[in-house]
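The chain below stands alone and is given as structure tokens, in the form predicted on its own.
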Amino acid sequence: MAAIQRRKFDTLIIGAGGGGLRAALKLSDADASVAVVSKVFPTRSHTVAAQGGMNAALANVLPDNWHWHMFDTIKGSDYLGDQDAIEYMCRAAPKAVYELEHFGVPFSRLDNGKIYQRPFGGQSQNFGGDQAARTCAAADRTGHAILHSLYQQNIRARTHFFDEYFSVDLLKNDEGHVLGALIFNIHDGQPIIIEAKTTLLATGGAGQLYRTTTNAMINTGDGLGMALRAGVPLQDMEFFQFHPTGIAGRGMLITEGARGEGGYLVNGDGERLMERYAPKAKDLASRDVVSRAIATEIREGRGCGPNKDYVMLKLDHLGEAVIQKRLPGIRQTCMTFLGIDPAEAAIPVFPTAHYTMGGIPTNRNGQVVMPVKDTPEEVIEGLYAAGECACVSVHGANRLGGNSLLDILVFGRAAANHIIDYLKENRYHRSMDEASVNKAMARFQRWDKKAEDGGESVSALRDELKAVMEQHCGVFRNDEVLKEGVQKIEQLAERLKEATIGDHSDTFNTARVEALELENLMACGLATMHSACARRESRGAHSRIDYPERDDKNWMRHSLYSFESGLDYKPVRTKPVSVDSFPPKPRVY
């Protein structure tokens, strides 16, 4: 085999969504040589699908400050979020919005020219008081506006892009420092080694674990799988967010902004159902609360439609002018896929898999950290993570809407700042361990050969995995269902070792990508199912019928799952940077 092409950069960024591009822009502007590897063209990264907006206490519509935002985020996390990281994020939020404005993001405006802010779920004034309006929006296409602006800025800054390349695995030296990755060109299958002094994982979430999801086909947990294979544990993977309002049966997202603008949910009896579950916040309660309310209504026979298997989201009372101005994308989606104009008729909705709250453990500088018994955490030299694939943890057991765009931008920037300092101290490339290269190449070549007859197909196993996750790790869980899920997913992981991609002579490299993606999804599924089965309490998005109460005495801790040592735990960081901590309280809306 011919020698593999090698390229050298100061920083390798895997993933071209908001987190990766924000970091790349900061680094390129600091004259670092930056390679961004993306398996799709950068503006097709999943940040483009974020609709509702980005939280920041600008106080443009109603009184607000970052301390209230911090309280809401900690409460929303069901007290599992790390309070130092949450303080850092909420304090940095206004600056992050103004930076985007200067990069060219066309935020919606108020009549006075200031950035428009809409109400969103779980937001309050004065530590749990009246509803806040904190979410800065560009109509209902906020992620789209942000991603395109960041990409254009990176083109100006001459960031080097490897578009439609797939990252196989991280590469290390014998001291455990991460020194880049093996990637390959999806078009022609040619592998390339990227040697880098620093590597940032910004690969997004793993929503394709589930059959019905708001996530694009590309969201296969690639960075999470790479981290697990490199010996890094995954944190809090049991907490998977179900968005309350996906289009029933299809999963397409109907933004929380629809309820922020005044929409509300009704059951089959025509009742406003959220008055029963969150009498104060109603339809703008936290996402886990609204998802469970919808699932409960349906389970108790108060659903809509011939099978009573969804509820209705009403927007028609808002009027066509408001919907066209504030929710044009939602209107178009409904008209295209449902033949419904939301200005005239209600939208059928049901909770759908949406967001990976867990991920690769990092500190607030974006450095990937490893737990060490009875000592402070150990930083993995040269490796960073940001965005949905990372777990800082600012979302804890449940993410507030509007905090995900904030998360990727604040911690993408924080990681870049730390990398700039690191590169000043580490000016030269370290030599790579060729055993690490050989191991990554073996995984790449595992899917090289034409399939033998009799092996199971990758696509069939992927469908089975999604069904197992949906049936055994959904909105409501219990011991029996979770244990059966663990058993099934372990069996699927074993069967994957013998799977084949069939004879795809015309589309060989895309078939290989699907096989590598399934290995990553299977790794995420194992981490999610094992972590969920072990956590015997209900907290945030992890809702157990057999353990209905939150248990702060035994379970106020982060889970850690690794291939090498299974499950471990570490404490929640309850001490903020500069203010008093918020102790756990009953979480009501």
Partner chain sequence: MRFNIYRYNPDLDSKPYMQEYELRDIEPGMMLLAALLKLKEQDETLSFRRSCGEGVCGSDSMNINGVNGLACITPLADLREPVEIRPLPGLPVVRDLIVDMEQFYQQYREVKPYLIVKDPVPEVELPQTPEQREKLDGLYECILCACCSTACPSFWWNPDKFLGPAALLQASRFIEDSRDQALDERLENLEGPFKLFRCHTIMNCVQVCPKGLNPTKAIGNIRKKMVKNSL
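Positions refer to the first chain, counted from 1. Just so you know, these numbers come straight off a predicted model, no measurement behind them.
The discussion below concerns the form predicted together with the partner chain, not included here.
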Discussion item. My question is simply whether V322 lines the interface with the partner chain in the predicted bound form - judged by any non-hydrogen atom within 4.5 Å.
Written reply: no
Discussion item. Please determine whether F107 contacts the partner chain in the predicted bound form, using a 4.5 Å cut-off between heavy atoms.
Written reply: yes
Fill in: Partner contact for G113 in the predicted bound form: the partner chain, 4.5 angstroms, heavy atom
yes
Discussion item. Under a 4.5 Å heavy atom criterion, is F242 part of the interface with the partner chain in the predicted bound form?
Written reply: no
Response to the item:
Only hit among A278, L496, M252, A346 for heavy atom within 4.5 Å of the partner chain in the predicted bound form is M252
Item to complete: Using heavy atoms only and a 4.5 Å cut-off, determine which of F444, F71, Y422, F103 is in contact with the partner chain in the predicted bound form.
Response: F103
Worksheet item: Has each of F127, A353 and L492 got a heavy atom lying within 4.5 angstroms of the partner chain in the predicted bound form?
Response: no
Worksheet item: Which one, 467-475, 389-397, 282-290, 148-156, holds residues whose non-hydrogen atoms are within 4.5 Å of the partner chain in the predicted bound form?
Response: 148-156
